[in-house]
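What follows is one chain in structure tokens, specifically the form predicted alone.
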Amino acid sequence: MHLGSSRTVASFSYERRDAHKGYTDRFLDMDLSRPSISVKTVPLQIKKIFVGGRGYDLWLLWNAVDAGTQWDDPQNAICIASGPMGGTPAYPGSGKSIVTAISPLTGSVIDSNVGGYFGPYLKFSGFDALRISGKCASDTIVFIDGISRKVDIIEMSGLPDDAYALSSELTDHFCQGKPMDISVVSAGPGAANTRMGCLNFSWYDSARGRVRYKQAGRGGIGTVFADKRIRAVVARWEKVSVKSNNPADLDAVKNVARCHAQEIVALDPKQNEMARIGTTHLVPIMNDFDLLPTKNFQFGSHPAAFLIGREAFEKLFDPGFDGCWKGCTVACAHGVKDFVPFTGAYRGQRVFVDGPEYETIAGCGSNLGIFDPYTILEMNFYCDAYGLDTISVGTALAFVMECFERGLITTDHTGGLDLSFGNRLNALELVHQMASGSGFGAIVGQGVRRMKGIFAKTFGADASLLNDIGMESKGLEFSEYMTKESLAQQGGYGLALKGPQHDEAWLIFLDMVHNFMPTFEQKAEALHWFPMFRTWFGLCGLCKLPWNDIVPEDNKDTPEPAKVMKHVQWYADYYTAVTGNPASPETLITMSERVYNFQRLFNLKMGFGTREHDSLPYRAMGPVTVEEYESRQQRYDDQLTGTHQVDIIGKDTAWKVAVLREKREAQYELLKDAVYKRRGWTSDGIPTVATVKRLGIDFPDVMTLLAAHGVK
């Protein structure tokens, strides 16, 4: 395959500024409608407040949009940034990028964390961040060449449709014989035809001689990308070393990096074996503790789960180094070589599948009642090729399957497809339909929130039941953990800024298994500290897995083992060594508080960000149906009689379901109160004036926004 004709519609040459103490202090600003390209300075005040990464993205997006901006408006901007530590090859997990935009699913700001080489290559090309607004007239490539110090906007024809072929072709086209120098950001036809499009961020795997991928999956940013008619953003850079960030104290960086990397090499084989099996180790753990979503989150385990867990994939994964950034010792980005799909355009061809990770296995496997690793691999492959988020796809399909089995939709609505749980061929057919925007797949691609409206209004389904079993909050589909038995994790999902995604707070084990947080105040403290520290990784260009997926051998004997404070101190030392700004574990939390509260205010600006938007479907809190209750009957009976002092003698299951619901919904509201108080928010979930002043984010437009909502 060869690319077609091309025409450069805008070109910009610039003087590259090398990173200094982790920053270039400049960002690249592009308006595709004009088109225009400019380089702008990051003000010192913004640098101090927002740190980098997600913070810079939010600041750039805030200034690009107004309260009425819709996801498909030209002024909606795609913002990409790494962070001051991003691009350090010696420290594990230092290759991350954060992407933000106004989401097609939620209508508010979305952020997504992704690996691959693009963020570091962007920075070393001279830019701490990239903002792209406007829309192209035709298929367009953005090429950021840090070696030649030039940025081009190129109209190009004859481009391959899917992300795999496109990234491979563009890598060959731009690499000048050095494919390691190229990173491509691309979407695909699924992104153009659904609201749940993802972005593929590439890196070149020299050992295997192929382009590999990580996904910025959540919230439909790939759909925004496709709507702008961007086919790809390509960055070109050359050698990277521990000196590339010009850290304030190079020896200190090397020392702390050596400590953390050596610990991972020594302990990962004894703990989760992530360098060998990635996140697939979570499948049996979740299943054992009744936390593996099964059949649209109805149940938490299944006897066939072993077929899609670590034992299956350790035999399927291609052996070799699998880091999505240079030198990362976690090396968890595994893939399957020579897989042969049995449907779709690649049917009968040998392909390489990047993944699957736990979320894809649970979402596209157990949650659909599918316990075949090969079907999961095929769904993984095509979602990546089409530019579809596997989490939203899996959760949306699970909702559809339950609706089908309950008679809320029929074959008259699905185009004749039997969508019973476990129907793997029709699940794959829906993925292909979603990618092409055809058949019933065109409806599924709108996401769970919009499907609920369509099923009720057009198909006559029970709206109340749809709301109970449709696993979305804020418009975003749930990621793949059961939350019914963990009030803290319900808060972790319901109070998450962008919607129910585990990267803010993963508290299931602390709350449900270990009972470390029996009071509302203790849960609220956890729902303050953990989201703040997890936010910090996104500010700095880091992956969180080295923090708590491989832990020191004596960690269980420390006062707060869940926080892994030895590693938190190492991260503070790492930040200090790169930036020259003295940091402690406490100051890392304050950095994140500024950005976290600003994002809450951003939600408020967009018409969200209040208590009513922190709601959950009831299935996230407790059993919706009689069969769900009876699958854990002893547990629920004990809670009613013991915790809630309810007399259940002679009562049927339907009565128990209703009473338990009343109790659990009340508990969740009390949790909101406790969390809002701990975070310094009003009872309606809005940061107070005192909070924004304490954090230094009391900008004039923020104060005007608060006043407009009665917060003075």
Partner chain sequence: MVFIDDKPYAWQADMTLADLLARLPDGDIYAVVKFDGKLISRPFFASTMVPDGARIVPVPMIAGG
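What you see is a predicted model, and the numbers here were worked out from it, not measured in a lab. Numbering follows the first chain given and starts at 1.
Another form exists, predicted together with the partner chain; not displayed. Remarks below refer to it.
Heavy atoms of D557 reach within 4.5 Å of the partner chain in the predicted bound form, making it an interface residue. For R229, no non-hydrogen atom is located within 4.5 Å of the partner chain in the predicted bound form, even though that partner is not displayed. Although the partner is absent here, W237 lies well away from the partner chain in the predicted bound form, with no heavy atom inside 4.5 Å. At the 4.5 Å threshold, heavy atoms of N272 reach the partner chain in the predicted bound form.
By the 4.5 Å heavy atom rule, the three marked residues Q45, I49 and V689 all fail to count as contacting the partner chain in the predicted bound form. Site annotation in the predicted bound form: the residue of F317, F459, F352, F289 reaching within 4.5 Å of the partner chain with a heavy atom is F289. Think of it this way: in the predicted bound form, the partner chain has a heavy atom of just one of F339, W570, F509, F608 within 4.5 Å, and the residue is F509.
Residues within 4.5 angstroms of the partner chain in the predicted bound form, judged by any non-hydrogen atom, belong to 543-551 and to none of the other stretches in 543-551, 414-422, 67-75, 340-348. In the predicted bound form, the partner chain lies within 4.5 angstroms of a heavy atom of only one residue of 519-541, namely R534.
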